Structures are given as structure tokens and as C-alpha cells.
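Below, in C-alpha cells: the form predicted on its own, a single chain.
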């Protein structure tokens, strides 16, 4: 019998998809072992507890509505001490990195990072971790209380929304004042194009090579009546604005067609575009993780493919 605790994430009053994905995994594990599945929510998210249908119980902690690493970590520590779950599922996200590291160190718990699959294995759990941008999978056998950091996109978020009606329990967690204070949420600046509304996106990654080469991609996008988006390295290099970035730290998009050129497919990027109706990937590396989610893939140079596409369109 295994009891699983899911630490939910929210932003601007809405649960993030990773919360539902982890809840779906937890429900499956609890069902396989005859255990229970609980979800920890913070602050005003208590009023949205009914959305977490896959949980047996929703634990509601009094906290600020905006994420605070000190406050939330202290609450998670307190809940783990009180409830003694066998596994604690935390998102492999910026918030998750804050919380898992702090909690794991304080409570002396092992942390399994970059996990994309969890199976019940006798009295233990078998966790599969995705390493080196998805090029290597590592399996870990867990037979003690542990924290598992789950990669976004590891499960269908709909599985975490279905089920019965979870009971609600208020939890008292000594969070302390702490030194960190929430100031403001910084979002991408407004752009001439809202890529979240685009029906066709031509998206570029590190493989584009240089800023000057983006012009050829823009010509292709114009011919396809598409908008241009990108992965994080392009924004970090200053070649495109943040408002064009797709991914966990950028924007989530759901176009009819997503053409990924020179994008390796890091989990953070995949989280932002995995819901596209048709994903076409072009990369020189046949082992690039982007091919795992693509409906169509081409192993080749993106500029050769772009040139051929332009010729066909002409």
C-alpha cells in the first residue's frame, strides 16, 4: 500500500497542467498498490479543489496566493512530516527545483530528478529519468520515502481531472515569516503577434546557427502564411523577443501545424507545444527528443529542407 502526495502548482489563479499530470500518475500508482492519493494546494486555490477529481483528499494550506519559495517549501516539509507519504511528486519546473532541493535537504530525502515514468514494482517503485535532453533514460528503484520530480508532458493532464469528488482537509503548517517577499509577476511584453493564437507556426532553435539566417526562416513563414516562434536559446541569444518563445518559461501554443526547425526538444520546450495538432520536426540528430513527439520527422539540415519547401511553394 503506497500513499502518494502531489504538490500542485498554480499561476494567476489556475492550476498548471503539470499538477494534473502528476495527479494522474499518483492516481494510477495508488490504485495499483491499494494506497491513497492526496494533493496539496496553497492559499486561494482551495476554492478550486473540485478540479482535482483524481485525488482522494485535497490538503489545503493557508499561504500567499503568489508563489514564495520559502513559504511553500516550509509548508511542504510540514505536510510530509505530518502525513508521511511514501512518494512526494513535485514538478520538474522552476518552482519544483526550489521546493524539492530545500525539502529534500532538510528532511534528508532522496530526490529522483527528470522523471518521465513511474511504475509500482513489488514493494518499491521504478522511476525512469530522462537525461541529457532526452537522449538517455536511467532507471532507479525506490524502496524508501522519496521525492520524485516529474517532467512536464509525462502524462495526460486529463487523467488528473477525472474521477470522483475529493474530500477537503485544511492543514496547519508552520511556514514562518521568511525573508523572501513577492513583488510582481513579470510577463513577456506585448508583441505585434500573439503566437498563442497562431494556426501555423514555424519555430526555430539553436540549429539555426546565427541571427542572420533567421531571414530565410521568415521568408518560409511568410510563404506558409505562418508566424515565427522559437525555443529559449534563441531568446537568450537576443535574436528574438521573449514574446516569441515557446515553452515552460515562454508561452504555450496549440497551432494546427507546428514546424520545428533545429529544435532538439528539451522537456521545457515540448511542454509548450505538445498540444499542436500536427508537429513536423527537422533536425540533423536522429536521436533528438523532438522526434518522440513529432507526427512527421526529417533527419537533415534545416536550410536544405527550407530551400526545398520554398521551391515547392514557388
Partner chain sequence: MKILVLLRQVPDLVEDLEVDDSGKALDVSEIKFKLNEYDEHALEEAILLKERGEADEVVALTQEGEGSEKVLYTALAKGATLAKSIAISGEASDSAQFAKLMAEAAKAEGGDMIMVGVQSVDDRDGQLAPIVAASLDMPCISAVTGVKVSGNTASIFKEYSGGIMAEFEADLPAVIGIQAAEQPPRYAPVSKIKQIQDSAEIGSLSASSSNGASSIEVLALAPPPKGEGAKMLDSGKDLLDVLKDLGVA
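So that the term is clear: the rigid core is the largest set of C-alpha atoms that superpose within 1.5 Å between two forms. All values reported here derive from a predicted model rather than from experimental measurement. Positions refer to the first chain, counted from 1.
There is another form of the same protein, the form predicted together with the partner chain; it is not shown, and what comes next is about it.
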**Prompt:** Would 97, 180 and 312 all count as contacting the partner chain in the model of the complex, using a 4.5 Å heavy atom cut-off?
**Reply:** yes
**Request:** Counting non-hydrogen atoms within 4.5 angstroms of the partner chain in the model of the complex, say which of 172, 165, 197, 123 makes the cut.
**Result:** 197
**Request:** Report the residue, out of 211, 135, 83, 161, that has at least one non-hydrogen atom within 4.5 angstroms of the partner chain in the model of the complex.
**Result:** 135
**Request:** Work out which of the listed stretches, 57-65, 44-52, 27-35, 278-286, brings a heavy atom within 4.5 angstroms of the partner chain in the model of the complex.
**Result:** 278-286
**Prompt:** Should residue 149 be counted as a contact of the partner chain in the model of the complex, where contact means heavy atoms within 4.5 Å?
**Reply:** yes
**Message:** My question is simply whether residue 192 lines the interface with the partner chain in the model of the complex - judged by any non-hydrogen atom within 4.5 Å.
**Reply:** no
**Request:** Decide whether residue 187 counts as a contact residue for the partner chain in the model of the complex under a heavy atom distance cut-off of 4.5 Å.
**Result:** yes
**Message:** Check residue 291 for me: does it contact the partner chain in the model of the complex (non-hydrogen atoms, 4.5 angstroms)?
**Reply:** yes
**Prompt:** For 293-311: residues with a non-hydrogen atom within 4.5 angstroms of the partner chain in the model of the complex?
**Reply:** 294, 295, 296, 297, 298, 299, 305, 308, 309
**Prompt:** Taking the rigid core as reference, does the Cα of residue 290 move 2 Å or more between this form and the one not shown?
**Reply:** yes
**Item:** Displaced residue check between this form and the one not shown: residue 25, CA, 2 Å or over, core reference
**Value:** no
**Request:** Superpose on the rigid core, then tell me if the C-alpha of residue 225 is displaced by 2 angstroms or more between this form and the one not shown.
**Result:** yes
**Asked** Given a CA distance change of at least 3 Å, are residue 91 and residue 283 closer or farther in the model of the complex?
**Response** farther
**Request:** Based on a C-alpha change of 3 angstroms or more, tell me if residue 154 and residue 277 lie closer or farther in the model of the complex than in the shown form.
**Result:** closer
